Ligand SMILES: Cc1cc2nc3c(=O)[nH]c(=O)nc-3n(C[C@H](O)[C@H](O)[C@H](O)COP(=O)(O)OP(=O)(O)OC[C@H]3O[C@@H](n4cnc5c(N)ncnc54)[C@H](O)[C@@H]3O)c2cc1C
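In C-alpha cells, the next block holds one chain alone, the form predicted on its own.
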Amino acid sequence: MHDLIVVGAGLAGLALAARAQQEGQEVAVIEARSRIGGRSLAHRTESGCYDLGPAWIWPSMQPRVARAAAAFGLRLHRQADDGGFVFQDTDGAVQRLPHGFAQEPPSMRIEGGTTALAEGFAARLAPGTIRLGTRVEHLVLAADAVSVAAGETRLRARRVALALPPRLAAAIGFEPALPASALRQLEAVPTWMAGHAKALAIYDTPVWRASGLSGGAFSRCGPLGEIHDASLPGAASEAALFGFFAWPAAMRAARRATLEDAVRAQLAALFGPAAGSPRALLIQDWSADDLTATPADAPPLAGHPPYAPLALPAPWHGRVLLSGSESAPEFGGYLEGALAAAEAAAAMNAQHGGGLPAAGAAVGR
C-alpha cells in the first residue's frame, strides 16, 4: 500500500510527489495524459521549445517558481518587446505605434519552456513512480485506505491528492458519495485559462523586425487579441510569434475549418504580407481538451477568479486532498499557485503522517 497517491502529473502533482518521496513516503503518480506537465505543453523544434500553455513568469512576484527554476538550472530571459507596437481596432484598421509595450515588472520566459519545471520535479522521482495514460474513475474509502480505480489499475493508499482542477475532481466517482453541496462547490470553481486557445506561428526569420516592429500587438476584432514575439534566444534560423485568441470557444468551434486562414490573414494585416505565411502554424485550444476543461469552462471569464484553499467534507476530509493550482492559497491557477498548492498539500500530508486523520468540516473556500 502506498502512503500517497497523487492524481495528476502537472506541476502541482509532481512537486507534491517529489516532496513526499523525499520525506521517505511510498508515492505513486497517476496521469491520464500520455505526457507530464498538465497545462504546460511544449512544441519542440530543432531550435528548442515553445510554450503552448503558460509562458511567462515574474520572479519578483513568484518566488516559488523562481527558486524551482534556479534549482533545476533553468535560465530566464525577458520577453522581447523592443520596437514598434501594433494596434487593430474593431473595424480591423491597423495603427503602427513607434514604441513597444513594455510590461512592468518584466515578463520572463524559461529557456526550455515551462514544461521544464515539471520535468525537473519528475526527474527527482524514483523510476516507475509515474503511470501515464491512466485515468482515475473511482475512489473508494475504507477504514485503513483509499482505493483508486483507474481502468484495470487498482491501487490503495493512506491518502490521495487530487492535483486537478476542481471541476475535473468533481467528475470522479466517490464511494461514499460526496454531498450534492460539495459537488456544486467544486463545479463552481472555474479552471483558469481552460476556455482559452493559443496560436504559435513559426518563421525562418523574424519578418516583423525588418519593419522596426517588436512583434507585439493588441486587436479588438480578432481572431487573436494579444500577440507577442515568441522567438527563442540564440536561434539564428527560426523565429516565432504567439497569440491569445480573443474569439471565445463557441466562435472558434463554429469557425474551426477556417480558423488557421483567419489567423494568417490577421498576422499579414498586422505585420506585413510575409507574416501571413509562417512555415508552421499551431493552434492549441484548451477548451477542447477534456483533461483540462469542462463545458462550464467555455464562457469567457470576466477576470481572475478569487481562488482559495479547498477541502472535502467528512468522511473524506484529510483522506483525499485537493491540491490543484485552483485550490492554492495564493496565485490560484498560475504556475506559482501550483507550487503553493503543492506546499499546502504536503503540509497537511505531513501533519497526519502515516496515521489516519480525524473527520473534518465541510468543503471550505
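Because the structure is predicted, anything quoted here is derived from the model rather than measured. Residue indices: 1-based, along the sequence shown.
Note that the form predicted together with this ligand isn't included here; everything after this is about it.
Listed residues 170, 230, 193, 207 were compared with this ligand in the predicted complex; 193 is the one with a heavy atom within 4.5 Å.
When you look in the predicted complex, the only residue of 55, 42, 68, 310 with a non-hydrogen atom within 4.5 Å of this ligand is 55. Contact check for residue 33: a non-hydrogen atom falls within 4.5 Å of this ligand in the predicted complex. This ligand in the predicted complex is not approached by residue 247, whose heavy atoms all lie more than 4.5 angstroms from it. Residue contact with this ligand in the predicted complex: residue 37 places a heavy atom within 4.5 Å of it.
For residue 9, a non-hydrogen atom is located within 4.5 Å of this ligand in the predicted complex, even though that partner is not displayed. Proximity to this ligand in the predicted complex, taken as heavy atoms within 4.5 Å, picks out 130-138 from the listed stretches 130-138, 78-86, 268-276, 249-257.
Annotation for 262-294: interface residues with this ligand in the predicted complex are 286, 291 [heavy atom within 4.5 Å].
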